[in-house]
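Two forms, one protein chain; structure tokens for each follow separately as structure 1 and structure 2.
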Structure 1
Amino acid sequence: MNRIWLFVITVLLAGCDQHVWNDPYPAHDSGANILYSSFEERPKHLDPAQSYSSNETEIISQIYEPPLQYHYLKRPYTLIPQTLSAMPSVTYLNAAGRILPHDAAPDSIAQSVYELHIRPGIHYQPHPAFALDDHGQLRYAHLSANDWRHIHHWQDFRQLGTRELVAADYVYEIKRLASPQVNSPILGLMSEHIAGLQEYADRLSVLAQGLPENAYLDLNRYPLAGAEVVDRYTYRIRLKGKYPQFLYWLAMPFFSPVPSEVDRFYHQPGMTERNFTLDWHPVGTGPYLLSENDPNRQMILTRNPNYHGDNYPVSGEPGDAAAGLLRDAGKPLPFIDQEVFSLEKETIPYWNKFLQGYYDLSGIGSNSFDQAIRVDAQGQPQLTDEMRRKGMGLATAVTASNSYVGFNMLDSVVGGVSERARKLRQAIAIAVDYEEFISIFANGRGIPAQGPIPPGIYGYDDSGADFNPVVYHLVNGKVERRPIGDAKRLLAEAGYPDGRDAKTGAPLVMYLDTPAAGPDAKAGFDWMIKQFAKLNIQLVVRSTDYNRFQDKIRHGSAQMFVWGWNADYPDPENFLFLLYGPNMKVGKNGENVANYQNPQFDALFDKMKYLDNGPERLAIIRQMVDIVRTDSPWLFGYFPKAFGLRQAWMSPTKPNVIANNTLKYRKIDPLLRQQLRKKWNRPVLWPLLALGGLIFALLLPAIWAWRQRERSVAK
């Protein structure tokens, strides 16, 4: 008995020191230079030719280095070389192969030739695929079953190697985009631009048919017209016609270098069975390598010992210095040794762990919004006192994305460019109050959209003077939503006075298709029904599963639907093409899901996409925006605003809604983190004693009753 009490006292005394019990990480990491974050869903692909989702690019962008990257601090977003010695040069050729001047008419340009020169001396991360034997041959190019016996991870190979990055690696990756074994999501799009890519894909498909499963298809044996190696450090990409936006693609992981020996290494027999694939074990030249990939629990990025180095930018926007963003100007990157991503599926444990200091960064969910943010008298979001006490910092940024309701322009009621249909759409656009929506459903985190182009993208006017005159008007110099009377008038002009068909007297019934369901979504739908009811329009919400919803969109059988777009790159073309006729969904499988067609808009788009940013381009963009405001093929909805919290030990970071390779700029103070974690997480032991006491108190009468019963005489 005495021993038990001794144990209890020891435990209690142990709790009196500053040891932390609830730390989910190993004790030896507590003072290490590690950034802790989480992932909610396991990434599907880590192959740069396949990854497209944000949770995938967030990881591989720290590993792979496409030739270009975005300047960390400059806005508007500016492309700069990443592995290149200078920005790519472009030469325009006509159909006869003659060089054209840079201001040549787009129609006269048959080919654009981009020449890219990479910096010598860049090396890949350590990897067995590069290991050489005594004869200078690849050591693990022909593995047998025996070699596999004790291998569970690529670090388990006895010998790791590296090699210099060469131009051929970039060309190899462009060829991989066409490989049937890879099935890249951008093959269709890039086939329209890269010379010969579609023909190359067709050829590879035929070649792959005769190969056994997982066999290596050596792309080096088959040249691609649109991508060629010039010399060890130079390569060329040939595009059909002119496509200035191609430079933005060169900053995306799709155009990262992949060494052919790595691809060959992962295609050896037995690799797939052990989950050894390029899709799970990326190999790059970037600042980090994926040292642990257990997507069921944890993924760890560790500093790449072979990283060529980079420096923190020395200049940015006005205000960056005052915000502390230039404190590390010129210092070598990266700052952090590791980033640990832990699987965290639920928001409540995630948020609580962030508050305990076990995550360094956090977004703000609806459930935790009130705990983290209060809105001041000027309507600006501020941290609550609790967050301030913890020394947290807040960063907000409008995302390069939109959320809108699309009208199917092929629909017999809301579609088409007739006056009747246009006025109906305009009336609905006035009635659906997105200011209210943002306030109720997004905690104020959003900006009502005045058109298809979000803030931060060229063509967006942030002076406050630009607004959608169909939906808003000026009242005492202030932009306000038009009164519902205007909407009713438009509705009557459209032939539906008071929400009824003027000819038949039948009530106007409209349909909104959505894949969303459940109590959370229902609140939003009820709100939407209420908005339509302002015009006496009966809105029917048709919730369906994701597959059927996509099916309806593809076949153009939905009348209205909720949709959104996340920018691939910061160019207005990437938003305006969502309304470009030849890009419509029905029949052409494009991204214009509203199936909007307006010849004037399309002609302007064809002109605008070739122009450099400048007054001429801006004027055309404005014209295009005015056209779609009038036609109203979308309820433009809103541009979501992202709120990010950082702990006191993190240096200020600048939100970047386009680039993903930002881990190298992050910096933490691990000692401050260690101190604060201890302070915030001292074990509280009295409840255990109280619980023990309660159990004892409950047991006492039971023991007493038992003894009474045992002593009593049977009746």
Structure 2
Amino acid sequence: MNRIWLFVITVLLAGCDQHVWNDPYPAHDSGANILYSSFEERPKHLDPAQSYSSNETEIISQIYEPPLQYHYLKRPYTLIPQTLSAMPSVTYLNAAGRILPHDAAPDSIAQSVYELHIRPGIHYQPHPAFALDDHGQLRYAHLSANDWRHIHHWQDFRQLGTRELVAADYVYEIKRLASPQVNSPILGLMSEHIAGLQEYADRLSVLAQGLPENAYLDLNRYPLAGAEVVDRYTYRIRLKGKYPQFLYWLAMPFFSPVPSEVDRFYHQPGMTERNFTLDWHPVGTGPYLLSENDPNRQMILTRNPNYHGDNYPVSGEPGDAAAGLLRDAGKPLPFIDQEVFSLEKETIPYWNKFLQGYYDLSGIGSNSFDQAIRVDAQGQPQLTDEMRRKGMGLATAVTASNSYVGFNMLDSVVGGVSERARKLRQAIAIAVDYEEFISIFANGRGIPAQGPIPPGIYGYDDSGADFNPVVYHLVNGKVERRPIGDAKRLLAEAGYPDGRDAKTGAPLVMYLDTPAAGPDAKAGFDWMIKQFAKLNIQLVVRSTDYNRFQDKIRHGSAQMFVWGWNADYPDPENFLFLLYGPNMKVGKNGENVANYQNPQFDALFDKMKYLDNGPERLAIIRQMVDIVRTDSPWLFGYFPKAFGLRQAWMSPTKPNVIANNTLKYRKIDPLLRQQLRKKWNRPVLWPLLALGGLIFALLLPAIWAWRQRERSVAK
């Protein structure tokens, strides 16, 4: 009996412990300045020359620093220096090497020369590749068999070092894009622009054939025409012709600095076998370093003690100050000491832990949408009362991506630019109600697309006065979708009155090809069939496996299809090229999946892509958008909207769907988090007490009988 009471007392005393019982993190981290997040699957590449997935760039963008970055607050997305003293200068040369004026005709430009100046005083994170011995030589550059007897884990590299960032590090990384030992996914694209890069890749392939596997290929020994060191802090990149969009690539991890001694360090025999590679142990100058890489449990980013520093923006857009986004203006970055990524494969456990306060930020999935969001009478998303009581904040942002239905412009029914085919496509565009689709299938998370360019991208008109006149019109000063009667009229003018061929009387049957399957997909396709039925058009959905679907797209045998695009960089060229004739899928294997060709559009594209942002370029973009609106090669669909929740202890954040190095701008109040976690996770003790009482009640007869027997024996 005494043991039972001891158990009850222990339980009650445990309730006074300062550490919450269900806290998944160590007790000593309870009040620490740590941001908690998650990942679903192991990042495959942390090497900046190879990484091209969002789950990878989320990590390496905090570690590596390409020369440029995006302004955290400004929209449209604006490039600013990151490690440079100023934006790169550009000089245009003709075929004879003479300097051309900035407004020279694009076809007269043989080379664009970008000159970049690095700020002195930037140093790398502590790393064994920079460690020096007593003689000032690299300590771990020539590891012997005896050295490897003492090195089994990363922590066995006892000595660490650093050095200053120099221009040669950026040039070395550009050379790595061509290395056969790296296999960079952008080699093909960059070979079209960086002078001599393809020839350099061919040369390195020949050299690598004579080397043992994983042997170090010293790129410093082989010059590249398109990338050269000018002095310690200056380097040049030479492009073929004019390519203004190249500046956006200079904000991507592909163009981050990689020192040659780091590359040499990782190519020593014995490194790969122990998983000591740049893919596993990245080396950068950014605000954080990867202090723990256990993809089966956790990945941890820790503040880089050698970080050169940055400051929070002092200006933004109208409304940013009122939203609290400038309260830290001018303060040194980063704010967070660590970010802990925990492996979380399922969305429901993540959501539950977020509600308990164990994750600081969360997206909103379909399973949790109704619990987190309610839509007001004006159709605007608002937090539910439960989320408001917890003090959570909501941030939304339209993504730099689109989702659309494409018409195959090579198809005999829906394709071509004839008046008949054009009016058929326009009629369908009116009938397919994407406002309804967004409401039903996207929980309101999106906006109907008025053309191919999404918000936040130069050329998008966010005044509200711009709309697709084929699908919408003004009614009492308000933009509304055209009535179905307009669509039926266009359909009749196309030769299909009431959905039947005017010549044969046969019903109009159309086909939508898709690799999607399952109950969720079926609901969407049933909805699409009903949209076509408004015009008495019979829509047949042809589901097939992914490989067969891709084969149909490549050969142009699909009539209609669902497609989408995520921007690589925030320039209208990255969306308008999806409709550029020479980029068509059939015969050219480009990204113009609709196989759309319009000579006027193509001529404008050829001019627009070489222009810098300004009135002339904007006017051409508007003209191009008007052309594709009229031709309607797509049902422009919608631009998805990302929803994010932040806990009460997090400062307001502004979603940035292009930049990835945003951890340094985030800020938390660890003490408030600690208080709310305790409040939200108070142990419920009465079931334990009730269980203890029940056990005691069940044991009482046995205890009484035992005591009686003991007494009788004693007598």
Partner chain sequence: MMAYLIRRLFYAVPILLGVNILTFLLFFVVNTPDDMARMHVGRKHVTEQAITQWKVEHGYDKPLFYNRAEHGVSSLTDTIFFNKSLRMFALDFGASDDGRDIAREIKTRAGPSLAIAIPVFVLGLLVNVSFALMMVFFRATYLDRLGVVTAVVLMSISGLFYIIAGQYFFAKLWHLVPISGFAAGLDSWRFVLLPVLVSIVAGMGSGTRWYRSIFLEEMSKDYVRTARAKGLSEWRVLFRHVLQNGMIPILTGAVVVLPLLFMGSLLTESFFGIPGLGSYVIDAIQAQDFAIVRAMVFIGSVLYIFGLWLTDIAYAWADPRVRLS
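FYI, numbering is relative to structure 1, first residue = 1. Think of the rigid core as the biggest set of C-alphas that the two forms share within 1.5 Å after superposition. What you are looking at is a predicted structure, and each value in this text was computed from that prediction instead of being measured.
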Study note, to complete from the structure: Here the form predicted alone is displayed as structure 2
Practice item. Pick out which of V398, A533, L138, P295 lies at the hinge where one rigid part swings against the other between the two structures. Key: V398
Practice item. Could you tell me the angle, in degrees, through which the smaller rigid part rotates relative to the larger one between the two structures? Key: 10
Check your understanding: In Å, how far apart are the CA positions of W527 between the two structures with the rigid core superposed?
Key -> 3.2
Study note, to complete from the structure: In Å, the rigid core superposition gives a C-alpha shift for A421 between the two structures of 4.9
